[in-house]
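Next up: just one chain, as structure tokens, the form predicted alone.
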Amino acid sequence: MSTDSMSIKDILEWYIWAGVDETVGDEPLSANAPVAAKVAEPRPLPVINAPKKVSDESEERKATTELAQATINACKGAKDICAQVKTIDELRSMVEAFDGCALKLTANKTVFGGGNPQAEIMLIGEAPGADEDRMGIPFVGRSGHLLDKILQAVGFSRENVYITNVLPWRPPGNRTPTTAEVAVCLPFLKRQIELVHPKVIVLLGGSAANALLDNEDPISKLRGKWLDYSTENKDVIPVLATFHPAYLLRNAAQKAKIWSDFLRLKKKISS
């Protein structure tokens, strides 16, 4: 049978017999119709969640600049305060009245340093937790209780150490503080160090160590050796970095290392 005399039905049946069960194309074609070369028009792809166009880029740059400027102003304000105060009590009052850090808006209380302001040993953590934020005292939660036991095990107590944090206000949800938040609060910590003038500083956790020593090294690299911290007055204080007690609550196997660090601390104080 000639294809010229085949009906549409015959052609479809022949396709089915030949194993063709799909057709490709937007329009049906006759078997005898010449195939015209046709270039398909490209279809535009759908745009999903397209970002909104900034109507005025200068406004965006201005907002960023204002945020950076606010941080600069807050840092300067903190430094100016620290230059004025002469005692720990004066500094405490100034920090409690300071409004340059947004963390204060979400915190319940200002958690300033506590303990003996004439202590030879100064311990520094990162920031207050929920218990500290509620009571206004540093290291009073589970990690604080463990720290007390560690101190007692090597012959120390809260009465002969001074304990504080890099930040006096709790970050919401115990999140990691931002670089700007640390920068604003760091002058308060540095002034505490100058006023207490400890013989030795113990940095609890990598975040506290990075903030005070201005580096990004992990605590695993920093601990186990003596480092130096230089005050604004050029006094050099030996620094011992070790694990934060909160880390030990999750990793009990590391307690032997912090025990070794505190024995090293005791030897340093006794020498």
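Keep in mind it's a predicted model, so treat the numbers as computed, not measured. For every residue, the number given is its place in the sequence shown, counted from 1.
In what follows, reference is made to the form predicted in complex with ligand URA, a form of this protein that is not presented.
> Ligand URA isn't shown here, but in the predicted bound form, which of 132 to 140, 113 to 121, 97 to 105, 81 to 89 has heavy atoms within 4.5 Å of it?
Contact criterion met by 132 to 140 only.
> Should His244 be classed as touching ligand URA in the predicted bound form when contacts are defined as heavy atoms within 4.5 Å?
Flag for His244 set to yes.
> Is Pro168 a contact residue for ligand URA in the predicted bound form, using a 4.5 Å heavy atom cut-off?
Answer no; every heavy atom of Pro168 is more than 4.5 Å from ligand URA in the predicted bound form.
> At the 4.5 Å heavy atom threshold, is Ala127 in contact with ligand URA in the predicted bound form?
Output for Ala127 is yes: heavy atoms within 4.5 Å of ligand URA.
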